Every structure is written in C-alpha cells, then in structure tokens.
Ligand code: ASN
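Shown below, as structure tokens, is a lone chain in the form predicted alone; questions about how it binds or moves come after it.
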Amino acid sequence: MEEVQRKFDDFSHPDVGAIAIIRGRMLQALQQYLLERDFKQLLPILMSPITDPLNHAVYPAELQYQERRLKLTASMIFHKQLALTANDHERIFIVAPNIRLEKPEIKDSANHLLEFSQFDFEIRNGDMYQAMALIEGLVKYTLGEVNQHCALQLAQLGRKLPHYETAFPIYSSDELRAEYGDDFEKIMSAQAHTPFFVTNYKREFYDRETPGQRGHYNNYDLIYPDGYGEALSGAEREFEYEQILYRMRELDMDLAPFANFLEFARRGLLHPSAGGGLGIERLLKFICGKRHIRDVALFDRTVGSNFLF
C-alpha cells in the first residue's frame, strides 16, 4: 500500500502536467519537421516473425499465436527497409513502441526502459551524412519549438534549453576509444556541451560495412551533452543479398527465421537506405532536465521496476 501511495504522490506532482505539455509539443515538432520534408508516417508494427536481433543480450519477448511463435517488436528495422520498397515510399517515419526485456545487469541505468518509443525514420537511397544532417536539423528544430511554446513549463522545471548555433561534431569511435578507453561515450557526454555524433561501431548485421573496408561501418550514434548519454542509433543499411549473408554468418546467426527477409534481398528488392531511431523518452528527459528516465514517465518501465500498474 505504501508503494501505491507513492505512485499517487507521483501522479499529483506539479511537474507531471508540465512534462505532459512539453511531451505533446515535442512529438508535434518531430512529426511536423519530417512531414514538411515529404516523409510519410507509418503506423507501428507490434509483433512479427522477426525483429531486431540487437547487439546485446535480452530476454525473449515472444508470444504463441496458434501454430506460430511471434516476437514483440524490439525495433522496426526490417519493416522500415521493406516499407521503402512500396510505391511512393521514399521517406518514412514511425512513432514506434519497442519492447526490450533487458537483463538485470543494467537495472541501475538512468537511460534504459523495458518498454519505450522511438522516433524511427528511414530514407531510400540515403547515406549516413544525409541522415546525420537530418537528425541535427530535427533536434535543433524540436528544441526551438519547445523553447518557444513551452516557456512556462520549462521555467517550472527549472530548465533553460540550450540553443545550438554550430554543427554537431562528428568523431570516430576508433579515435575516441584510443583516447578515453571503452567508456568513451560516457566520458565524452559528461565533458561535452553540444550534441555530437560518433561513427563506426561493430554491431548488428544490418548496419552497412563500409564498401572495400572490412571491419569498418557506416553507422553513427548521437550523444547528448552534459552527461545525458545516447540519444539515437542509426546507419546505412546492408541491402545486397550476399553481403547480408556474409554479415549474418560472421555473427553466427540462425538464418532460418529471416528466410522471408532474405528472399526479398535475394530478389534484389531492397534499396540502399539510411535511417535511425531517436529515443522519445530520452529526448524528453534531456529537454526537461531530468536525470532519470523514470522521471518523465507516468508508468515506470525501468529495468528495476516492480510494475505496480
């Protein structure tokens, strides 16, 4: 009963209303920015025979429906690539819910949720620099819109939003790891006062390996400054059948669940593309100046949550 009372107190907190108004304006700005650039909005897919295999271990999030085992969406990466093959779908975005049942090792993370939403986008024939430029414009526009329309709410939260005049810096993970070690993202985030990109991570098979450079990848993360951590992951995508097979076998993956996706690739139907997924709750946390992601959600879905509701 004490936990229920604490949740009631959370609902009654004066910041709850301010955060809700900021959330609405933030989502409106994100969508408006892409709609004005000829993106088409798709509705999310919540279950599928396949989903993002991720580059770290999570518990399976699956359900049995009749004779089929379906996975709950960890990200819409494959559906984004497939959607780009549809007529007149050169640029797409989705406000996409994701389920990732993280292992308890990260229960103290201020940034991880078991259930969260991404602002997901993909550009047919796009490259990493086009995608990073779009991301930078999107973030700057959204901060500007919130600053303009939510001044009272930001003041209530004691938050003064930064205004970024210059381009976001771009670093390679190689140079940062050599200088700071494996915790370079955390160290750089704490030191930086502007968002920045980091490129070249070895991770999922669908992130494109740089043509002619084995072990180098055309992908990127956006990192928030002032210790707020990762904002977005994105990449150019593998689209050629033999290269996809090479990458999957390199990671010792079971090909069978991906048979339908691989058939699309074998027929040459996949397009070159680039995109990413911006964490909606993480952006809201940054905008509101909150240090823990649970502080911008009515219903706690952090790894250590005991799920009152």
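Quick note: we count residues from 1 along the sequence shown, nothing fancier. Just so you know, these numbers come straight off a predicted model, no measurement behind them.
Beyond what is shown, the protein has a form predicted together with the ligand; the following relates to that form.
Checklist entry - Okay, which stretch from 117 to 125, 101 to 109, 188 to 196, 169 to 177 lines the ligand in the model of the complex, with non-hydrogen atoms inside 4.5 Å? => result Stretch 117 to 125 is the one.
Item to check | 4.5 Å heavy atom contact, residue 204 to the ligand in the model of the complex | outcome: Yes, residue 204 sits close enough to the ligand in the model of the complex that at least one of its heavy atoms falls within 4.5 Å.
Checklist entry - Using heavy atoms and a 4.5 Å limit, would one call residue 237 a contact residue for the ligand in the model of the complex? => result Residue 237: yes, in contact with the ligand in the model of the complex.
Next on the checklist: Within 4.5 Å, heavy atoms only: does residue 52 come near the ligand in the model of the complex?
Outcome noted: Yes, residue 52 is a contact residue.
Next on the checklist: With a cut-off of 4.5 Å between heavy atoms, is residue 80 one of the residues that contacts the ligand in the model of the complex?
Outcome noted: Flag for residue 80 set to yes.
Next on the checklist: Within 4.5 Å, heavy atoms only, which of 200, 147, 153, 75 is in contact with the ligand in the model of the complex?
Outcome noted: Here the answer is residue option 75.
Checklist entry - Can you tell me which residues in 274 to 302 come within 4.5 angstroms of the ligand in the model of the complex, by heavy atoms? => result Heavy-atom contacts within 4.5 Å come from 275, 276, 277.
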